[in-house]
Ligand SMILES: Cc1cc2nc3c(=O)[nH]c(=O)nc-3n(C[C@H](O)[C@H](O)[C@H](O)COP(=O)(O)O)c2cc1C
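Only one chain is given next, in structure tokens, and it is the form predicted on its own.
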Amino acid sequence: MSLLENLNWRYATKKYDPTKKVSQEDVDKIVEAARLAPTSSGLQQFRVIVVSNQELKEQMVPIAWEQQIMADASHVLVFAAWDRYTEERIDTIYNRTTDERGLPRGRFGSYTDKLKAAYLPQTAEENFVHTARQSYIGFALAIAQAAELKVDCTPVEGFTSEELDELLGLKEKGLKSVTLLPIGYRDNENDWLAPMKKVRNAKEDFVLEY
């Protein structure tokens, strides 16, 4: 199937079959799609936390505003972004880039100096606005990859991030949760949204041409 066919197939699953689990191979592919996502300046300002532990998933239900899909899904992918930019984080990425490309460290020094000058004077809140936006790119690609694999998923922004960060120990890792992506397999008989037609704005309303 084409990407557009896969995107037409998928929907925000409302009820999962808790007896069906996504294979490790498919989980790895979905995460890999997020890892390969483009990000601003190639900094990969986000991480993906894969939660399969049932006890943890159940603890996520009240954090996610009582959404039972957290517990019933096979896995929950947590997209978490850097809490802020630091000189060390920027240098680490560019040192890895030069090392893997066989270039001398500091090859991109003039560019990284500009990044530091732009981001380091900002507040942590301003930094997080930018890093969180990068995570959405990987989030979208993970959704597309899941659709290609015929794995259901549900994009979730409705949760209390501070509580989730505490549960998963993200603050200690310099991360803040942005979005959640439960993945699994739909319960067709009990998911009210499964038989519904996909509805989007008409192309003539969605696209502005100049």
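Start at 1 and count along the sequence shown; that's the residue number. Quick caveat, the model's predicted, so the values are computed rather than measured.
The form predicted together with the ligand is left out here; the points below concern that form.
Specify the contacting stretch among 156 to 164, 23 to 31, 169 to 177, 43 to 51, defined as having any heavy atom within 4.5 Å of the ligand in the model of the complex. That would be 156 to 164.
Check whether Phe139 has any heavy atom within 4.5 Å of a heavy atom of the ligand in the model of the complex, and answer yes or no. Looking in the model of the complex, residue contacts with the ligand include Phe139, since a heavy atom lies within 4.5 Å.
I'd like to know if Gln67 sits close to the ligand in the model of the complex, meaning any non-hydrogen atom pair within 4.5 angstroms. Yes - in the model of the complex, heavy atoms of Gln67 and the ligand come within 4.5 Å of each other.
Does at least one non-hydrogen atom of Arg186 fall within 4.5 angstroms of the ligand in the model of the complex? Contact with the ligand, no.
The ligand in the model of the complex - contacting residues of 10 to 28, heavy atom within 4.5 Å: Residues within 4.5 Å: Arg10, Tyr11, Ala12, Lys14.
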